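For reference, the chain that follows is the form predicted on its own, supplied as structure tokens.
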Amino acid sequence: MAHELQPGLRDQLNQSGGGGQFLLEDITTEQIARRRGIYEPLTESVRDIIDATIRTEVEEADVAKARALVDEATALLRGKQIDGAYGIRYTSRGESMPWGNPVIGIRNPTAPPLFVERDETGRYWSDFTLGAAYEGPSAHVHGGVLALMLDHVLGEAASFDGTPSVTGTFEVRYLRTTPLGPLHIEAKTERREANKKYVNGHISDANGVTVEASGVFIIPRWAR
């Protein structure tokens, strides 16, 4: 999902570094699509091998063979890489590429990932699936994973006006266990008071809401 930044905010990000997390990359939409076409299939394959690693019951020799292949692939990818984390990258047009993010990152195989959408009312939502890699209680999602998903989507909803917002306080209420499988998440900003935004959201399965969350999100000083 591309985010439009407020006028002048891109300059502030470049000058302040946004805590060292924001990088301006002046590349075209076509170049972004090309990068995505190269790296997203790799990430999907790694997600698949994570699931396979959890659920496999092959013999010891096959496990050893698979490990050798994974080690070979890792060495190949280590041949050229950046220092540190991927960061949040923006173009001069205000398009964002948070591809290392653990919730929405298309280059992060630990992300489901969520593809967050927004409607005309300011509601942010996503339909997604969580499998074996996210299990806590048997056949159910780990509570910390649910909190992670909610914190992220509430944060996106808090940034509805193009102004970055970070979590100030965050409360999660687990109504019942959440089964692995297809899920729905949504959030919406209820009100803004000065530099604070009050946001509510929830996760639901086919039978209704399983987890609710509310948070106060703060516009950081460098973005004011």
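In this text, residue numbers run from 1 along the sequence as written. Fair warning: this is a prediction, and the values are worked out from it, not measured in the lab.
Missing here is the form predicted together with another copy of the chain; even so, the following discussion is about that form.
Though the partner is left out of this view, residue 113 does not reach within 4.5 Å of another copy of the chain in the predicted bound form, counting heavy atoms only.
Among heavy atoms of residue 135, some come within 4.5 Å of another copy of the chain in the predicted bound form. For residue 55, a non-hydrogen atom is located within 4.5 Å of another copy of the chain in the predicted bound form, even though that partner is not displayed. Among heavy atoms of residue 72, some come within 4.5 Å of another copy of the chain in the predicted bound form.
No member of the trio 27, 162 and 183 reaches another copy of the chain in the predicted bound form with any non-hydrogen atom inside 4.5 Å.
Residues are counted as partner-facing when one of their heavy atoms sits within 4.5 Å of another copy of the chain in the predicted bound form; in 116 to 155 these are 132, 133, 134, 135, 136, 137, 138, 140, 142, 143, 144, 145, 147, 148, 151, 152, in sequence order.
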